[in-house]
Ligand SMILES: NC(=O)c1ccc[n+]([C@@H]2O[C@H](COP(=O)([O-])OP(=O)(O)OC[C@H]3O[C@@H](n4cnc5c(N)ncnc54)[C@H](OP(=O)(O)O)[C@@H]3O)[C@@H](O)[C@H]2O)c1
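Shown below, as structure tokens, is a lone chain in the form predicted on its own; questions about how it binds or moves come after it.
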Amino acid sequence: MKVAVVGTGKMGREVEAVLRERGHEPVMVGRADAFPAGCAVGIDFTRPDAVVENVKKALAARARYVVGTTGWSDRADEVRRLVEAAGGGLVHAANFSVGVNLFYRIVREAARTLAAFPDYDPYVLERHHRQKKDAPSGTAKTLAEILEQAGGRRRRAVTSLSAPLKNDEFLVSAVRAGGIVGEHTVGFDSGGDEILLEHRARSRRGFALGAVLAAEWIASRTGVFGFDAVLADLGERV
């Protein structure tokens, strides 16, 4: 399959390598380039402010699209309308790592279990490289939403403090330093003990593989999906 890789940075190069490993033909596309003809799917790791225009270009070329870029959630409804009006297909996720998406499931179950024990305060801590543009990360925001929906006493995420936490709040914190690929910790602390759940990315390849799996999956489908739909389908085949 011919696949447009939109964005030629570090993630774009990882996606290119995985596409070749899986027998596909990657076509590298710069930020200002037109969407190349003949590509069944595009994979986007660019900038938040470029996503909507990139989606329009892909739809005009009758291609499906995979968006791994984060920070554009305020325009998600607009993107959905564009895709549905064009009869296209799109998969988006804050994180395309298979491991992270399985981590979401583990955190969801733990949060539901611990919701019945109000002494355990939840929190989220994420660490990334100094060049990451958004904070907290999209993955940390998803983890925070899982905690908010679990039904515990602390069900409102905050990302900064000017006073002690209120009774219904929990903190989401971000660290930016060096070349950290990506680390996410969800903790539950009672004061007497602590339960820690953690995911550490060791390279960018896991993110690239997930994006390529999503591209293979959406190539024959119509609609707007999260990566969870891809994983659910792949899980049924295993």
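The structure presented is a predicted model; accordingly, all values stated were derived computationally and were not measured. From 1 onward, residues are counted along the sequence shown.
The same protein also has a form predicted in complex with the ligand, omitted here; what follows describes it.
- In the predicted bound form, at least one heavy atom of residue 11 sits within 4.5 Å of a heavy atom of the ligand.
- In the predicted bound form, none of the heavy atoms of residue 56 sits within 4.5 Å of a heavy atom of the ligand.
- Contact annotation: residue 142 falls outside 4.5 Å of the ligand in the predicted bound form, judged by heavy atom distances.
- The shortest heavy atom separation between residue 31 and the ligand in the predicted bound form is within 4.5 Å.
- Figure note: of the listed segments 163-171, 147-155, 106-114, 90-98, the one touching the ligand in the predicted bound form, with heavy atoms no more than 4.5 Å away, is 90-98.
- Taken together, 41, 80 and 225 are entirely out of contact with the ligand in the predicted bound form: none brings a heavy atom within 4.5 Å.
- For the stretch 36-66, the set of residues having any non-hydrogen atom within 4.5 angstroms of the ligand in the predicted bound form comprises 45, 46, 47, 50, 54, in sequence order.
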